[in-house]
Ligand SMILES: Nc1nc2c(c(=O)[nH]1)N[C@H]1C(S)=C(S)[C@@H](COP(=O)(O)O)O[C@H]1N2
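Form predicted on its own, single chain, as structure tokens, below.
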């Protein structure tokens, strides 16, 4: 595919660059649990097999990093966030979701972006299982926002009725992170 339009300040690259906040603990899929909690009617924990048993989808989207690189037409496969919403039934006053990564990383995602039809929990990338350096076994992918909102090594989603900032947001990054609006940092 020929790359299309780019947000201001971005350049095309062939593949995503790896960034981590620290060492990432290994994971045994037989003990994997995805915790879904917070302001929801039905909090739960899903095993790896239960994640895979949910309806699956494919999303193709450009992937934009706040540091200035973009990868065109990444193919993600996994569970649409709309399926998670149906499963846990968030309270009507939910406005944010905190995504928790296995290495301690967190990010706040606006609930409106979390609900978008192309947002998903990906376990495959470009036709193969999610590579370890890109979040194995599960990564939240929010195509409409910068990549730091697409938490790698996903282990929990926490539904909130108010703003709580995640790792980069407490360090001055924008709470939303829309690349088309250049929302890199809070002003």
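Model, not experiment: these values are computed from the prediction. Residue numbers count along the first chain shown, from 1.
Keep in mind that the form predicted in complex with this ligand is not shown, yet the notes after this line are about it.
A heavy atom within 4.5 Å of this ligand in the model of the complex is found for one listed residue only; from 52, 27, 59, 65, this is 65.
Of the residues 157, 160, 46, 147, just one reaches this ligand in the model of the complex with a heavy atom at 4.5 Å or closer; this is 147. This ligand in the model of the complex comes within 4.5 Å of a heavy atom belonging to residue 105.
Remark: residue 153 counts among the residues lining this ligand in the model of the complex, judged by a heavy atom distance of 4.5 Å or less. A residue is said to contact a partner when one of its heavy atoms sits within 4.5 Å of a partner heavy atom; residue 20 meets this definition for this ligand in the model of the complex. The closest non-hydrogen atom of residue 166 lies beyond 4.5 Å of this ligand in the model of the complex.
Scanning 123-142 for heavy atoms within 4.5 Å of this ligand in the model of the complex gives 133, 134, 139 in sequence order.
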